[in-house]
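Each of the two blocks below gives one form of the same protein chain as structure tokens; they are labelled structure 1 and structure 2.
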Structure 1
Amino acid sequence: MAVQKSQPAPGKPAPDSTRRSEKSRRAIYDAALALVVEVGYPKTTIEGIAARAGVGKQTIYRWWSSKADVLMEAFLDLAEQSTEEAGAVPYTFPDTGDLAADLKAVLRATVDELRDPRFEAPSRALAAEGVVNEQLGRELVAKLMQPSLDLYIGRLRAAQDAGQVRPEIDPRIALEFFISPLAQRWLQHTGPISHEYTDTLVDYALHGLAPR
């Protein structure tokens, strides 16, 4: 005797597997980010994430190959949500015609993000793991860093077109005057990071150190 599949009761919608998967994915993101903050990256495990999210670990392994992959995707999602909450358009760079003001605005927002407890622990975890895990490091650059670096390059090239930056300047090198000192301070705790600090970076980079 053939077994017939049960049909949804009249008037009751069938379960939406897409919504169920999205709910599980969101729970996994939240669990991964929360555990990294609470216990640190080394003690965060797939099993711990699964238990916290209320899913089986096979569910996680179906979508990701490692906890690093989970954390990276969760962090990217967090960044997108933060951008939406702020009412900003993702992957854009202000161009008011005032290069210094635009750079200062973006760097101030970066400082705020780096000091946000939601971002700090996962950011540091990914940065540290990317140093010892070459594959993760490459993905970190491609997915997290390069889109932002491209925006800096585009804004500096626009400034070159406007005659605000010398035409022979390489934008890819020039952006390191802003990015690298901030990253070093943040990663190695060599000094405080603040709006005043990044404003000064912009002033030093654009005006140089020699007497005028």
Structure 2
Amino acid sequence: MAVQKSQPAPGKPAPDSTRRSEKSRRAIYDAALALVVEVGYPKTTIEGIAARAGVGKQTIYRWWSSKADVLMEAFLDLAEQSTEEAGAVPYTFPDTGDLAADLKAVLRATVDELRDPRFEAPSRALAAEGVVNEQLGRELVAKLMQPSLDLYIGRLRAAQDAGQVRPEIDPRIALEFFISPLAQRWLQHTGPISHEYTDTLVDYALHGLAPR
């Protein structure tokens, strides 16, 4: 997702943390993302992350309570970097008054992020585990996806207020026309993703398949 959570994650070191702890945090994120790609989620352990990052286990337990926490925060950090490099502002949704243009801009940035090779392998590894591990799946939704979904809901509500979306539409369901087709193509390899494709989704969803 090109838009993400708006609050610093709990457990993130405070702004006054030393350069040494910032370096450790970065090493821990890198180790966690590399391990989940190489050995999969079930075999990734706090011990393994600590060994690869060259830190003590206690350093990790001081900041995070589980491997799921470390991984999700590492992933959020990566997504944030990727969004910024794609020229978008993380944790915001544009509102230019033109709903179609705003949706297209956000979805184009999401396509770019999904195609970022640094992002692809760890996000696939986490998503795959979430399919068979319902508890992790629900944590991924709550921590990684919900903040994005909330931004879509906010933008669609503003469009309802402006008379650009029908008032009886449930924004939580409507947003799925934008994110779910893209997610399925990417996750399940059901088709290619491109800016042209996501632009088409926006046009079809706003205007409907039936003749007007």
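Take the two forms, find the largest set of C-alpha atoms that superpose within 1.5 Å, and that set is the rigid core. Residues are numbered by position in structure 1's sequence, first residue being 1. Only a predicted model underlies this, so the values are computations on that prediction, with no experimental measurement involved.
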Would you indicate whether the form predicted alone is structure 1 or structure 2?
-> 1
With the core lined up, does the C-alpha of Ala27 move 2 Å or more between structures 1 and 2?
-> no
Honestly, after the rigid core fit, is Glu47 moving at least 2 Å at Cα between structures 1 and 2?
-> yes
Answer yes if the CA of Glu38 moves 2 Å or more between structures 1 and 2 after aligning the rigid core, and no otherwise.
-> yes
For Gln58, tell me the Cα shift between structures 1 and 2 once the rigid core is superposed, in Å to one decimal.
-> 5.7
Superpose the two forms on the rigid core, then give the C-alpha shift of Glu80 between structures 1 and 2 in Å.
-> 2.5
